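Listed next as structure tokens is one chain, alone, in the form predicted alone.
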Amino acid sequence: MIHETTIEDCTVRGVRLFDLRHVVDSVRGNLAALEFNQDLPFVPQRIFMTYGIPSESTRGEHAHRQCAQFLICVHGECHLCVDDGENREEFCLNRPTHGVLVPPLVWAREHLHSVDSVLLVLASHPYEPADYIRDYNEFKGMVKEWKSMP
């Protein structure tokens, strides 16, 4: 059975929840697909994975100035909390067919990792330390400034 991609907007500005195109086949196994030029608003410039994270540890805890990210927990489970300075939403990523698009200027935190979790992240830009906003108060100030621009 073939399931087409569906995309749902969230209460957090610019964040979208994807149920990826996937095929369920009890004989040959399942397949999930993501078309970069069709499904994502960017072509990934960097891909990385986090894994082996203790369940009490937190990853992320930052926003980006320019980089957008697409997160998929391809194995196991983790929770993703996103925050645009006004709205906050949390997702349980526990299927390789679910992904979340996190645009720039959205705070993201990954936590509650299962022992076997593998989080795949596709990034719109190469790694650039200056793109990271690691202080939440600085992030809130930037969002307020951005919103007041004409």
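What you see is a predicted model, and the numbers here were worked out from it, not measured in a lab. The first residue of the shown sequence is 1; numbering continues from there.
Omitted from view is the form predicted together with another copy of the chain, to which the following refers.
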Answer for V15 alone: is it within 4.5 Å of another copy of the chain in the predicted bound form, judged on heavy atom distances?
-> no
Determine whether any heavy atom of L71 comes within 4.5 Å of a heavy atom of another copy of the chain in the predicted bound form, and answer yes or no.
-> no
E86: touches another copy of the chain in the predicted bound form, heavy atom cutoff 4.5 angstroms | no
Does R65 reach another copy of the chain in the predicted bound form if we count a contact as any heavy atom within 4.5 Å?
-> no
Between the options A108, L105, V100, L122, which residue brings a heavy atom to within 4.5 Å of another copy of the chain in the predicted bound form?
-> L122
Taking another copy of the chain in the predicted bound form and a 4.5 Å non-hydrogen atom cutoff, the residues of 112 to 133 making contact are D116, V118, L120, L122, P126, Y127
